[in-house]
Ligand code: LMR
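Next comes just one chain, in structure tokens: the form predicted on its own.
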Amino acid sequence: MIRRQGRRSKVAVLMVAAALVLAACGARGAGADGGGGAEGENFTIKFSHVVTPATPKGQAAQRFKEVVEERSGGRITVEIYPNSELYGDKDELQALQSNSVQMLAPASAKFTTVAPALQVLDLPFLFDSVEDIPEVVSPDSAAGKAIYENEALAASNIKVMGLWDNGLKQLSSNTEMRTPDSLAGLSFRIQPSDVLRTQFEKWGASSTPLAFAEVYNALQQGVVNGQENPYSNIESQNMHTVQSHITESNHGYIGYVLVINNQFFETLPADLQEVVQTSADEASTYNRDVAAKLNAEARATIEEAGTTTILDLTPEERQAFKDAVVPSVWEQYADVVGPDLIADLLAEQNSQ
């Protein structure tokens, strides 16, 4: 009798445990408030990026974390992994698609193989100043739709949440660069983008794609002669300490596409989906303000270091760099970016 009662007790315990597991699974799948997850369930977002916490991207990621955790009442925890601590340039997109991380903010050039149309953001001289950026790439603009409504990204389980700025790019090397001819024979590090490769070819230079974390050593060891980046990236990675000249060309744009694993996003209840999106919007606005401030501060820091001469181009000198790549590079990639979009952008340029 004692043994039979013991067996019955074990069976009862197992039946209760099984019922609890089934109930929990049912609640998670139902999504009581319209999303994929159950109301009251907690979620973790792993957010990986490749730059330091002090950069515009790093600070915007921290602001996103703070806003999400506050607005969700602690139901969402955001873990930030900066400076390639978790994944680097070469493997972060794969990690996103496999849901090893849930959010990234890669430079647009990183999407070359996944969504080639995003190379619109790599087009040289797309913007004349940082003030032009919000209008040219707003979600309702022709360029913005190529980003926010990109079908290739959607097919890859990637949802665009926003566009973060790091400002306009400057050229650095150990040679004074006042004209396109000054770049002839030099090699530059680039992000993996055919547009960027062609840009440097038009200026008579060669280029090598390298991960961001590898740039300082490549410059120091002479693997490449120069690179292109906003001031905040140059200063935060100490690139200026191994580059004697910077030309303030403002020739290109580094925009970070804030993305989330769409399958993960869809598992969130509807109220938390809204929290994530509105928090991304707020972080995007914050990012633009921070980028302008930090780039100005970084330029001043570089000047104070005394290791690097900064050359301010005259309007005529900058125009010479522009004429060498616009419209030729834009037209060369019309089939990749979209013929109609290139036509619209060129029409806007000609009307200015």
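On a predicted model such as this, the values are computed, not experimentally measured, just so you know. A residue's number is simply how far along the shown sequence it sits, counting from 1.
Omitted from view is the form predicted together with the named molecule, to which the following refers.
Novice: Is the named molecule in the model of the complex near all of Gln170, Arg197 and His251, within 4.5 Å of a heavy atom of each?
Specialist: No: none of Gln170, Arg197 and His251 comes within 4.5 Å of the named molecule in the model of the complex.
Novice: With a cut-off of 4.5 Å between heavy atoms, is Val275 one of the residues that contacts the named molecule in the model of the complex?
Specialist: Outside the cut-off, so no.
Novice: Heavy atoms within 4.5 Å of the named molecule in the model of the complex: does Glu235 have any?
Specialist: Taking the distances in the model of the complex, the answer for Glu235 is no, it never comes within 4.5 Å of the named molecule.
Novice: Report yes if any heavy atom of His240 sits within 4.5 Å of a heavy atom of the named molecule in the model of the complex; otherwise report no.
Specialist: Contact with the named molecule, no.
Novice: Is Asn166 one of the residues lying within 4.5 Å of the named molecule in the model of the complex, judged by heavy atom distances?
Specialist: Yes.
Novice: Want to guess which of 243-251, 142-150, 184-192, 216-224 is within 4.5 Å of the named molecule in the model of the complex, heavy atoms only?
Specialist: This holds for exactly one stretch, 184-192.
Novice: Between Leu294, Val326, Val50, Val68, only one gets a heavy atom within 4.5 angstroms of the named molecule in the model of the complex; which residue is that?
Specialist: Exactly one listed residue reaches within 4.5 Å, namely Val50.
Novice: Of these, Ala205, Ala115, Val259, Ala107, which has a heavy atom no more than 4.5 Å from the named molecule in the model of the complex?
Specialist: Among Ala205, Ala115, Val259, Ala107, a heavy atom within 4.5 Å of the named molecule in the model of the complex occurs only for Ala107.
Novice: Check each residue of 75-103 against the named molecule in the model of the complex and list those with a heavy atom within 4.5 Å, in sequence order.
Specialist: Contacts from 75-103: just Asp89.
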